[in-house]
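Next up: just one chain, as structure tokens, the form predicted alone.
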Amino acid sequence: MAKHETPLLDELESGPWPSFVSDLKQQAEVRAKNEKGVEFQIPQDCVDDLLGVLELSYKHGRTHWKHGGIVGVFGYGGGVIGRYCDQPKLFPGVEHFHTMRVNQPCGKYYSTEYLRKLTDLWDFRGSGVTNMHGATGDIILLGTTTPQLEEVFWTLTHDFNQDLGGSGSNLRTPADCLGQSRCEYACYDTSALCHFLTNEYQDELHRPAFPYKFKFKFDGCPNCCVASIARSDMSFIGTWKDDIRIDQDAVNKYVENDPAYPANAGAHKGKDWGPFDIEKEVTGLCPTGCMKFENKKLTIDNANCTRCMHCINVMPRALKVGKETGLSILCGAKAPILDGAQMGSLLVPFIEVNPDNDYEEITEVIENVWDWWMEEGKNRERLGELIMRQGFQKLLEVTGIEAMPQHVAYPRTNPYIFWKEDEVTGGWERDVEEYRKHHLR
């Protein structure tokens, strides 16, 4: 028997898709039966009360959660998001119901043994409700009380060798795709770079000192499987600077509709899409029109290729990324809070990824950007908003990067050009006598 009636939430279970309401009800029932004999450290009916307060929020059309302010573990300014219910008498099980962010492993690789230990810990000291994973990438442990925070933190760090993630105005938990561990398209080792920067910037991750949040995300190729170009203040996207490798025999196998060469590696084989048409499905969709197929030969004008990956995705056995691989750095992506959503702007077109020198070229760019943002950024101003306010040219100045054609997103709209003193021969100072030699009164 449910503790609270939830007619509005029940509606969310009526459609054809899986519902989080069903998951919560299942977890509430598991806690009520407690067949494992767990000695719960927070109220046993907390998930029942979670459903109850959510139903009330739907009924009233407003939230009944209030932010917990500063609550966390000793020595860390991030990793815990405080949550309190403003109806503690009605729902005592969620009077305080804090969320913990746990730093996920690179590539999100887990052993079943680790996952069992983690869920057992959260059943014991929390609600048992998890989110694998949050939008930033963390393991999200939803719902526990203040006294349990230090206990969970101790177990994670001392027994599981796992750390908390980032929250608040700090470096958020870096996240990466599978990279070279599984993917043939990966142009650099995303996990190695993600792991290095996570360790390198522990202070920035756990002790908030920024104007607002800052996110790293690492994509091994322009397919952007972790959507770094749209969701991170600084994205690291794998790329190459030589030519796309072409196997002409394989290209013709696709054109001839050889069953051993299905388009898109067979990803769309559940429906009959008709015979493969290279003009319709590949060359005609090239965003820069840099491809053509004539006389059974595919040619690519690589100088005009924007690395969109479409042709490689459609014909993976015929086309491969180049051999001179590295990454591009983009800055300023964010969600729509102040000035609307922004995609990342290209800052560094190509950097060779070199772990042997501790990624010095990459960390130099990061720290130059941080120095500028921490000095000039307003409270709760993301990097992308600072770039909009002060201009992309200012970003180039603080990073010491020379402007190049790849930085141009669209033709300039400002007709004025402002010169700096060091850009003008002789500077601003003039010798009046010398001037009068050539310009009489």
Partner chain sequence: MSSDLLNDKEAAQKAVVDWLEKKAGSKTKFYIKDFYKIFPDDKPREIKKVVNKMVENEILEFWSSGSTTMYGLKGAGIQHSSEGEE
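Residue numbers count along the first chain shown, from 1. Predicted, not measured: the structure shown is a model, and the values here were computed from it.
Below, we refer to the form predicted together with its partner chain, which is not included among the displayed structures.
Q: Hey, of 232 to 240, 324 to 332, 162 to 170, 277 to 285, which bit sits against its partner chain in the predicted complex at 4.5 Å between non-hydrogen atoms?
A: In short, 162 to 170.
Q: Establish, in the predicted complex, whether 209, 367 and 380 all lie within 4.5 Å of its partner chain, using non-hydrogen atoms for the distance.
A: Every residue of the candidate spot has a heavy atom within 4.5 Å of its partner chain in the predicted complex.
Q: Just checking whether residue 375 would be counted as a contact of its partner chain in the predicted complex - the rule being heavy atoms within 4.5 angstroms.
A: Heavy-atom contact with its partner chain at 4.5 Å: present for residue 375.
Q: Mark residue 71 yes when one of its heavy atoms lies within 4.5 Å of a heavy atom of its partner chain in the predicted complex, and no otherwise.
A: Within the cut-off, so yes.
Q: Within 4.5 Å, heavy atoms only: does residue 153 come near its partner chain in the predicted complex?
A: Heavy-atom contact with its partner chain at 4.5 Å: absent for residue 153.
Q: Does any heavy atom of residue 349 come within 4.5 Å of a heavy atom of its partner chain in the predicted complex?
A: No - in the predicted complex, heavy atoms of residue 349 and its partner chain never come within 4.5 Å of each other.
Q: Can you work out which of 77, 316, 105, 262 has a heavy atom no more than 4.5 Å from its partner chain in the predicted complex?
A: When its partner chain is considered in the predicted complex, the option within 4.5 Å is 77.
Q: Counting non-hydrogen atoms within 4.5 angstroms of its partner chain in the predicted complex, say which of 371, 358, 258, 301 makes the cut.
A: For this set of options, the contacting one is 371.
Q: If we check its partner chain in the predicted complex, which of the residues in 73 to 96 reach within 4.5 angstroms of it by a non-hydrogen atom?
A: Counting only heavy atoms within 4.5 Å of its partner chain in the predicted complex, the contacting residues of 73 to 96 are 74, 76, 77, 81, 83, 84, 95, 96.
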